[in-house]
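This document opens with one chain alone, in structure tokens, the form predicted alone.
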Amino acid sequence: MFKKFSSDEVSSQNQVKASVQRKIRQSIADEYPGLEPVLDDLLPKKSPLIVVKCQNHLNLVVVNNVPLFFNIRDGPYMPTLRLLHQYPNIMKKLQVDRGAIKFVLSGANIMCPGLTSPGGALDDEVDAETPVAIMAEGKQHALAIGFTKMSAKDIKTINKGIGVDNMHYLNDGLWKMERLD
């Protein structure tokens, strides 16, 4: 998704109206209840909230030139990895085994066997089409953010094919873009 992402892919930047800003804040608060105490610091009401539209129906939510959230079409908002590293407990987590790390870091989707093998871990509460943090066996921080294609129960029982779409991973274009100028 963000493999070769750069500021050239930005098609428009708009400061959103207060009503749209409230809707975005509410959507983020509903999706990530763990962010509730710090939401006013992340998305200040007085500070302009800018929605950056990019190619492939991608939207970035930017505050003070720092991308904080992204979504595709009208899907759920997902935090950037930098934000997830600051607040590591806001998303449900799935863990891949050591063998999957290099593939995930090169942008590959997460396969079911990588989640169900001895080094992997699944949260049984995860439903299909849910944003999740992808953790790595033996590592402290998330290495990717994904969108589940099937529920955790299905990943365990079927155990083949793509379990999670890799949306954003360490060292991709969005990670390298610390600020949007």
Partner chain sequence: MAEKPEPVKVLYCPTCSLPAEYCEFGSDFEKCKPWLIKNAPELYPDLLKEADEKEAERVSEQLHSVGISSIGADGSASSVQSGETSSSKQEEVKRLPGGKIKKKVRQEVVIEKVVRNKRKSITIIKGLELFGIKLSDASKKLGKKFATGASVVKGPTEKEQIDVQGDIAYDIVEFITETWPDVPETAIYFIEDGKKVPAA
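Just so we're clear, the structure is a prediction, and the values are computed from it rather than from any experiment. Numbering follows the first chain given and starts at 1.
There is also a form predicted in complex with its partner chain; it is not shown, and the following applies to it.
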**Message:** I'd like to know if K102 sits close to its partner chain in the model of the complex, meaning any non-hydrogen atom pair within 4.5 angstroms.
**Reply:** yes
**Request:** Please run the contact check for N56 against its partner chain in the model of the complex: heavy atoms, 4.5 angstroms, yes or no?
**Result:** no
**Item:** Partner contact for I158 in the model of the complex: its partner chain, 4.5 angstroms, heavy atom
**Value:** no
**Asked** Is G34 close to its partner chain in the model of the complex, meaning a heavy atom pair under 4.5 Å apart or at it?
**Response** yes
**Fill in**
Of 123-131, 36-44, 56-64, 150-158, the segment with heavy atoms within 4.5 Å of its partner chain in the model of the complex is residues 36-44
**Asked** Which residues within 77-91 place at least one heavy atom within 4.5 Å of its partner chain in the model of the complex?
**Response** R82, H85, Q86, Y87, P88
